[in-house]
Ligand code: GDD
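A single chain comes next, written as structure tokens; it is the form predicted alone.
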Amino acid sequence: MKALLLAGGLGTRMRPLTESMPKPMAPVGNRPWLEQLVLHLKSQGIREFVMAVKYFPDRIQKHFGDGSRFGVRIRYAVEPILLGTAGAIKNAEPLLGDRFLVLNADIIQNAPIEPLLRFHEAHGGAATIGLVAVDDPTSYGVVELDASGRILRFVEKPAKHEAPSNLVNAGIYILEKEVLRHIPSGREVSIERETFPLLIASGAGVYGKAIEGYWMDMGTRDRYRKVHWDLLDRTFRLPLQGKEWKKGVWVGEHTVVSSDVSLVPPVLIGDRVRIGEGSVIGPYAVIGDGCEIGRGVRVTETIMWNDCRVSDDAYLKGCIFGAGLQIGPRHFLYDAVVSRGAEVRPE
């Protein structure tokens, strides 16, 4: 079974971090989330992928190529215009098989696919939607199920008092090829507002099953932070790179940490990082590959992408820094979100 990864969205709610990169390429645990997703699916036996791309497609294509570096095969369906979820699926039709898996590639999850596939085969419908229970369903597509798991109706972003359940679309689908006949070509099509209601009305059989494991829509900065804190707390069991130097402190290869540096768990430090004397890193700090941290620096509750430079005596708390950021000496930054390649210096 092929997996279609929908990676063409703009990621507007995470700007400025996504101003020059597709949102699924944002690092999670110091590796692009899209890479983490491919490896997660590969571990479940999926070896053939189609990536639906639109926004900075070259960033994805250059990173993955034909997939051989990751032990998989990857092909690309480039959207001529933004086509929405269903439109992107239709655009990829020539590359898909009779049955295929679809995932929104900016959703963070580690759900096992086999139970969803068994459910789909047992019920014989045209589509099976992975579902997840949430406390507040008003930002999602909410479903109402009958006792067999058949979806009776689909309500997109309802008011709380109008939500038929707290089960929402998890952005994971198993679809039969017949679904593609119900999606028009060449225009933007919403799978939740158009395709699924049409399939339900036609009696094609749209079913839903709750997924297992971790799930988080990382569409906002706060959720992006939450994913990382869950990762460090190990409530999200994504494999971490590097060795665990002590409980809750993971350090990558060829990293140099001065002997008097305090690493306060939980902390994740990437490869080829240098941390200067007297610095305090953590709790809740993620430092990307190739970063250089000066002397006397304090970093807490902060996510730092690759190749950042932090000068002596800077204090960073609650920040998210894009790749290649440079922070000048003695600078205090709190709750700052700064895009890649910027330079921040005291006035």
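Just count from 1 along the sequence shown to find any residue number. Not measured: the values here are computed from a predicted model.
Just so you know, the form predicted together with the ligand exists too; it's not on screen, but the next bit is about it.
S.K.: Considering non-hydrogen atoms and a 4.5 Å limit, does the ligand approach T255 in the predicted bound form?
M.R.: Contact with the ligand, no.
S.K.: Is there any non-hydrogen atom of V53 lying within 4.5 Å of the ligand in the predicted bound form?
M.R.: Yes, V53 sits close enough to the ligand in the predicted bound form that at least one of its heavy atoms falls within 4.5 Å.
S.K.: Answer for R150 alone: is it within 4.5 Å of the ligand in the predicted bound form, judged on heavy atom distances?
M.R.: Judged by the heavy-atom cut-off of 4.5 Å, R150 is well away from the ligand in the predicted bound form.
S.K.: Would you please decide whether T195 lies within 4.5 angstroms of the ligand in the predicted bound form, comparing each non-hydrogen atom pair?
M.R.: No.
S.K.: Go through E178, E277, E79, E93 and name the one with a heavy atom inside 4.5 Å of the ligand in the predicted bound form.
M.R.: That would be E79.
S.K.: Heavy atom within 4.5 Å of the ligand in the predicted bound form: which of F154, W250, Y224, F236 fits that? Just give me the one.
M.R.: Checked against the cut-off, the match is F154.
S.K.: Okay, which stretch from 101-109, 239-247, 266-274, 201-209 lines the ligand in the predicted bound form, with non-hydrogen atoms inside 4.5 Å?
M.R.: Checking each option against the 4.5 Å cut-off leaves 101-109.
S.K.: Give, in sequence order, every residue of 209-247 that has a heavy atom within 4.5 Å of the ligand in the predicted bound form, or say none if there are no such residues.
M.R.: Read in sequence order, the residues that approach the ligand (within 4.5 Å, in the predicted bound form) are W215, D217.
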